[in-house]
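One chain comes next, on its own, written as structure tokens: the form predicted alone.
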Amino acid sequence: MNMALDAQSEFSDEALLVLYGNGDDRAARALAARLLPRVLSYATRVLRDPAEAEDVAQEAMLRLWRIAPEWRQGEAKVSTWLYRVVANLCTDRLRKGRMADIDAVTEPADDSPGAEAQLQQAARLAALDGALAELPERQRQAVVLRHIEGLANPEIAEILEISVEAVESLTARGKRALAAALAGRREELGYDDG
């Protein structure tokens, strides 16, 4: 099926995957452009290592391309299936532990002046990432999927293979822990109380 790439962007994830499974490479590019940034962001927040996150996101996309010819529409959402694969790959990597390598060494800070807003945003993201890192793994996954990736609780439940009530509990406990961890840093991070 030969269609313009713009027209493919109107298709659902499932339709694009089926098109790719039937040989339309442009459908794969459209689907990757839509999904890869989301799963990479999720993996980065869970793993806290951009290189590891890229590996996980690439592996998840490869698995998606492998199952494309057998994909059965209506059984699961492509995004839900993909987030579940990423969650499992992240869990595997976290359980194995990481070996130190040259990529883990932090680079010297860039001394070039930046905009105040960019610095403040970077500080806020670093504070959030640090607080997220302190959460237990399942809470961190649930909070990231719900409040950063914007997924609904039923979809998160399917991804993490738990009940919706468990998702609600994990996200509520995670939010409380994040609020407590960041409470004393409001002024430092540029949030006014007024």
Partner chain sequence: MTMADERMTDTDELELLFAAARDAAPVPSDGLLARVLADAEAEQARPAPALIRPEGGLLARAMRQIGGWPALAGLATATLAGVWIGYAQPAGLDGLTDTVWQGDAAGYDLVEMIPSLDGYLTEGGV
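The structure presented is a predicted model; accordingly, all values stated were derived computationally and were not measured. Residue numbers count along the first chain shown, from 1.
The same protein also has a form predicted in complex with the partner chain, omitted here; what follows describes it.
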property: Trp71, Val85 and Leu89 all contacting the partner chain in the model of the complex, non-hydrogen atom within 4.5 Å; result: no
property: Interface membership of Ala152, the partner chain in the model of the complex, 4.5 Å heavy atom rule; result: no
property: Thr44: touches the partner chain in the model of the complex, heavy atom cutoff 4.5 angstroms; result: yes
property: Heavy atom of Pro136 within 4.5 Å of the partner chain in the model of the complex; result: no
property: Leu40 within 4.5 Å of the partner chain in the model of the complex, heavy atoms; result: yes
property: Residues from 158 to 179 in contact with the partner chain (non-hydrogen atom within 4.5 Å) in the model of the complex; result: Lys175, Leu178, Ala179
